[in-house]
Every structure is written in C-alpha cells, then in structure tokens.
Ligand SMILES: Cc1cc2nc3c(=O)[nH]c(=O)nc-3n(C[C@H](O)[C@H](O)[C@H](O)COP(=O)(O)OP(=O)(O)OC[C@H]3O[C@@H](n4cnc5c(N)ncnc54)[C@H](O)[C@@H]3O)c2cc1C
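What follows is one chain in structure tokens, specifically the form predicted on its own.
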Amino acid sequence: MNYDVIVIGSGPGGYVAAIRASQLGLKTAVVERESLGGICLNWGCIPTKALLKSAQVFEYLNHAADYGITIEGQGVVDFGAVIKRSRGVADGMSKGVQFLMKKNKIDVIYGFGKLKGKGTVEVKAADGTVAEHQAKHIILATGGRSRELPNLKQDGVKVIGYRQAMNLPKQPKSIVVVGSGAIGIEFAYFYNSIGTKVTVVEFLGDIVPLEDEEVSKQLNRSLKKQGINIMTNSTVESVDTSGELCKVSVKTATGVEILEAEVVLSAIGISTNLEGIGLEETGVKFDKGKVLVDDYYRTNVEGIYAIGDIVKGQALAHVASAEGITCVEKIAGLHVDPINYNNIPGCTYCSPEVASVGYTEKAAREAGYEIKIGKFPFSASGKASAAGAKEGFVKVIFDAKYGEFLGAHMIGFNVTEMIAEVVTARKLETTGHDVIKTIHPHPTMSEAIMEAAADAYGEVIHL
C-alpha cells in the first residue's frame, strides 16, 4: 500500500509521530516487530514505575507507626505478584496504544522494517513472509537496547539487562548494579526496598553523574542510609559466573575487591538499534551509533527521517515524543521551532526522587554566567513535614545580570511532578522575580520552588 508516512518503530517516538501525522491528515502506517508502545511502555518507563510503586507501598507499611498507625504482623513481599502487577500495567498501556492506532485510522504492520530504496519499506513478518510498502516520508524510530561491554556480557540469567531485571522468576537475595544512572538507581532502590542486598558500582566520582553535584551527594547519603552499598570511582573488571554466585571483580582506588551476588545488573546505558534497517543500502549517514539529522530530523536522504534514541540528544521517552511531533509537523508544512535541548527535564524515580532541568551550577559557571543560587530544604516545608518526607531540597540557578532562569535541581518527595513548573517557566522566559511574585498554594511541596527563588535574591521568608 502507499502511504504519506510510514514510521518504523512504535515506541513513544514512533507511535506519537504516527498519531500526530494522522491528525494532520496524512495517511499513516506503523511498522512494529514486537509490541506496540516499544520498550518504554512494555519494558521500560511504565513497568518500572509499577515496580517502584510496590516498593513504596511496602516502605509505607514498614513505617506505618511513624504515622500513628499500628499494623499487626509484618508485611511480606510476594515477588511474583509484584512482577505480575507490573506486567499487567504494561499490558494495559500497550492495549491503550492499540486503541489509539484504531481511533486515528493508523495501519499497524507487524514485522521487522527495513529501508529498501527511496520511499520503500520492506517488512519481514514473524512467519518469514516479506512485503513492501511505499511512502513519501519514512521515519526511523527504532530505539535502543541495553548496552553490553566486552567484560560484562549479558547471559540473561546471572548477568542481566533492564529487561530481565523487571521479570526475574524469583527475587534475588543479592544483586550488584553496574552503573548509577536513572536505570541503575531505580532498580537499586526497588530491590533494596523489598529486601535484596544491593551494591551499586559507578565508574565516576558521583552517582547520577549528570545531575548537579549537590543532588548527587544528597542521593548518595540517602541511599546509603537505606542500606545500599555504593562504590564510586570503581570499575567492574570481570564477572565469574561459573559458581552458584557471581564473583564480581571491582577495581577501586585502593585495589581490587571481589563481590559476590546472585545477579549482576548491567545498567551502563543503551545501544541504538541501527543494525539491518537499511541505512548503508540507502546511503543514510550515521556516526557512532547515531543517525545524523538536522533540526527537523531530516537525514541526508530526502524523505527519510530519524527520531528518538537513534539521534543525538537525551535518550528519554518524552524527548522522542517531542521529536516525533516536531518532525511530522514540519513534514506537514506547519511552522515549528526546533527543540531546545537545554530545557529537557530529567527524572529518576527512586526515593527520594530526583528531577532537574537546565544548567547545573558547574555548567552555568563554565558557560560564563554570573549566577545567583537559591536553596530551600524540605525540612522547612510544612507539607513535607506533614507527609513525613523532609529529606531533600530544591536548588535554583539564575543569571545575576538579567534574572534568566538557568536551571533547577530537586531531590525529594514528588519532585518529578514539580519539575514541569520550571520547564514551563523557562520556556516562557520567566525571571527569578517573576517566580517569587507568583503565588503558590500553601501547604504544598511546590512552594519550595518559590522559596528557593526568594533565597537566591535574599527574600526568603521561611528560612
């Protein structure tokens, strides 16, 4: 069949691009080799949040006495039921995407999609049959997978990636998590919360190394307090899986240490899915695992586009969705501005949560800004005290000369919901004084943003 747009991949970049294309009157199809929704809905963002919610509920039970509630007996984690709930949430969301495809009259073609010359997509179905489909515009949204290192090969049983980590047949008594980005930290928090002995190994000097240094240090303290063993400035040299337990050789500043664990989780990032999709045959340029595109996701080959994890920029679901919408609106001839990648929020859903956007303090200074910094601890927040969540703070950074909102960094209860206020404020070019004069409801966690801004200008009330 002939289409205006064919999208290869139905993750949060692909299916969103397809829906927007259909809304704009373009005849659209999606090619998907596995399940609608891609990794995010089926094996990433959504099911991990379901696991984390189970861990948080278990923590509430264990600390019920702090809220004046007595529970007879002790809560017990049914690991199989926790996993089953997570899978059920993911399945429900995937069915939701199926509904959206039907609602928007988008054809779903199941199979492995490959570029086959200009304007043609070859799809090989699971039964081996091959069909070709034509389109004026082809969008590559093939996403990524768990990255492997030569000395950390995944066998799916003892050395695993994120996909196996959320679907293990039984709860491990011990786990070593290699890498402390969002994926590694979230799984470390989850498994530790339900009683697994957890060690995190990080190559760099701080965990969540992309975050502001003060946030990284606070999270380190919080997770250690929860019982997680954290090893920074450390490298996994090898993993011996021949015995009942994995023997993990870790090089530290003081020498080599051998850790034993039932499972090793490799959480060192992602590799892009570029193999076998026809880039070489069609002459689409790529470099270091990323397809080269312009500000509107056009490749060097007319009619072929790329979005999401396979292009430069943050490998985040909401980034892929925004790229898909921008790409399709440009195809449709709408006026659209390029995405500002310095205004992309990042979130880590452990407890306490971490959320940030814009410049870190270090990056702002390196960029040459003279800055004003404000901080407000949740220990001074009435809502946080009432919620029993006084850990953490909000840190804001402004340009001292013009008041530009350069960045915000938060750690604490529910901050992943709060960060959108700052993203919107920065999009609207809101200044520090504008934030201070914006009346926030009391008592809320979000008041901390206003208070932190006031602190930057020496006007804070509640400190």
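The first residue of the sequence shown is number 1, and the count goes up from there. These figures come from a predicted structure and were not determined experimentally.
In what follows, reference is made to the form predicted in complex with this ligand, a form of this protein that is not presented.
| query | Among I397, A29, I39, I419, which has any heavy atom within 4.5 Å of this ligand in the predicted complex? | reply | Flagged contact: I39.
Open item on the list: Please identify the residue among V178, A261, V357, A317 with any heavy atom within 4.5 Å of this ligand in the predicted complex.
Closed with: Checked against the cut-off, the match is A317.
Item to complete: Specify the contacting stretch among 213-221, 240-248, 100-108, 269-277, defined as having any heavy atom within 4.5 Å of this ligand in the predicted complex.
Response: In the other structure, the partner sits against 269-277.
- Query: Taking heavy atoms and a 4.5 Å cut-off, does F405 contact this ligand in the predicted complex?
  - Reply: No.
Notebook entry, point to check: Is there a heavy atom of F413 no more than 4.5 Å from a heavy atom of this ligand in the predicted complex?
Noted result: Looking in the predicted complex, residue contacts with this ligand do not include F413, since no heavy atom lies within 4.5 Å.
Note to self: Please determine whether F187 contacts this ligand in the predicted complex, using a 4.5 Å cut-off between heavy atoms.
What the structure shows: The answer is yes: F187 has a heavy atom within 4.5 Å of this ligand.
Could you confirm whether G144 comes within 4.5 Å of this ligand in the predicted complex, counting heavy atoms only?
Close contact exists here: in the predicted complex, G144 approaches this ligand to within 4.5 Å, heavy atoms only.
Though the partner is not shown here, which residues of 100-134 have a heavy atom within 4.5 Å of this ligand in the predicted complex?
-> If the 4.5 Å heavy-atom criterion is applied to this ligand in the predicted complex, 100-134 yields G111, F112, G113.
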